[in-house]
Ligand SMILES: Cc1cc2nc3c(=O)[nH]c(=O)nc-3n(C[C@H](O)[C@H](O)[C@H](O)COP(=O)(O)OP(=O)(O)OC[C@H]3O[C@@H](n4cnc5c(N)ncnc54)[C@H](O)[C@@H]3O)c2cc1C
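Here we start with a single chain on its own, the form predicted alone, put down as structure tokens.
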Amino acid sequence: MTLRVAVVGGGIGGLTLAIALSRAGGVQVEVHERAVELGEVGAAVALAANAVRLLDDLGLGPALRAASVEPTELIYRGWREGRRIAGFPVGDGGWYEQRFGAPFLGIHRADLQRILADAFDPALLRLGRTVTGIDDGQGAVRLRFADGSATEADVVVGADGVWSAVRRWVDPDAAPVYTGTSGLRGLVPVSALPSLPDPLAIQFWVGPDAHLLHYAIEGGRTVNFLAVLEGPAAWTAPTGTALAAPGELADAFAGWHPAVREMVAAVPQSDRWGLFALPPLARWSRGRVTLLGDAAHAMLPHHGQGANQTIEDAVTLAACLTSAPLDEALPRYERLRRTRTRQVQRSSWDTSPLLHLPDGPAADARDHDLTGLAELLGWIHGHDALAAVQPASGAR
């Protein structure tokens, strides 16, 4: 009997799950996305080896590499003088790929969305579908949408992000928590950054009350940046974005290295993104409805693992659904993913204040610890999500 799966959310996680289920066969999958068209949300995505290996397994490797840039190094720099605190090879010499089995890639989010959408049957992607109700009956789960339509499936997967409508049904008490920090983003031509050292490296500039992360995309012609600031103290906007005061971004980096000042001044100031995280849920599933990605474990971006953990979720859930009865598949999926995502969440949360230290003994201790980062992050980038499922789903 064919398993019917309805995926709510046509982002990275939802489409990866749909592709993985389609490749496995024996599953009828539809993706329901509330937007009327798939478009850019955010600026760029850093794909680490733990996700790239999985996308390679789905046959997406050539398209990914054609649209991506592999950073030369990962570098941490001091905020004012640009002092190189620590650096690790990434693309240079092939060290990263030899260590972790796949490259580290920077890609425009719109390009990644396009690659995923092109790999899925467009006839099974339903746009303009906003979920208004879920009914888990004895025979099937019924989804109701704002346009008056409805659909039924054997299992529903909420891949609809940090403000997930599906999560409100699975765990009504769960809600994202504002972390007291916010981010502003931008895409800058490299030609506008004459003071930037190593424009093809992924770099963290760390300093008092702020940090700036950037990496190259679009063939190295463009730099994507995320600037993270302390505050505001409370989040009062009705959504996850809000206007920042004019000049606030430039003011936050006054006195920083010229490359940082050039970067934040090169493009119009973006909206402010509140950085929210999701406390561990009491459960990921209710009946035949389960969660994936940010809907289950939204995390801070300081390890660059949000999209990567979502991709791990997607291939794990697909493997579970296609190798075991539904009443076994969903609990197994949660067991496989709960501890790992909590560990990455916690590590990313703990990293946040360390990136915003003023000069002094605490910052000196952090800088010393960063010299061992390659080993410390091995447990994240070296993880093989499919191997974790292998005892039940067979060899890769």
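Residue indices: 1-based, along the sequence shown. No experiment lies behind these values; they were computed from the predicted model shown.
What comes next is about the form predicted together with the named molecule, which is not displayed.
| Do all of 34, 165 and 301 end up near the named molecule in the model of the complex, with near meaning a heavy atom within 4.5 Å? | Heavy-atom distance to the named molecule in the model of the complex: all three under 4.5 Å.
Worksheet entry | Of 130, 72, 179, 269, the one that lies within 4.5 Å of the named molecule in the model of the complex (heavy atoms) | By the 4.5 Å heavy-atom cutoff, the listed residue in contact is 130.
Check your understanding: Only one of 318, 260, 292, 223 has a non-hydrogen atom within 4.5 angstroms of the named molecule in the model of the complex; which is it?
Key -> Looking at the other structure, the residue within range turns out to be 292.
Among 62 to 70, 349 to 357, 324 to 332, 25 to 33, which stretch has residues whose heavy atoms lie within 4.5 Å of the named molecule in the model of the complex? Of the options, only 25 to 33 has residues within 4.5 Å of the partner.
Residue contact check: residue 12 to the named molecule in the model of the complex, 4.5 Å heavy atom
Yes, contact at 4.5 Å.
Mark residue 160 yes when one of its heavy atoms lies within 4.5 Å of a heavy atom of the named molecule in the model of the complex, and no otherwise.
Yes, contact at 4.5 Å.
query: So in the model of the complex, does any heavy atom of residue 54 sit within 4.5 Å of the named molecule?
result: No, residue 54 sits far enough from the named molecule in the model of the complex that none of its heavy atoms falls within 4.5 Å.
Worksheet item: Given that the partner is absent here, does residue 253 sit within 4.5 Å of the named molecule in the model of the complex, heavy atoms only?
Response: The answer is no: residue 253 has no heavy atom within 4.5 Å of the named molecule.
Q: For the heavy atom contacts within 4.5 Å of the named molecule in the model of the complex, list the residues of 250 to 279 involved, in sequence order.
A: Heavy-atom contacts within 4.5 Å come from 273, 275.
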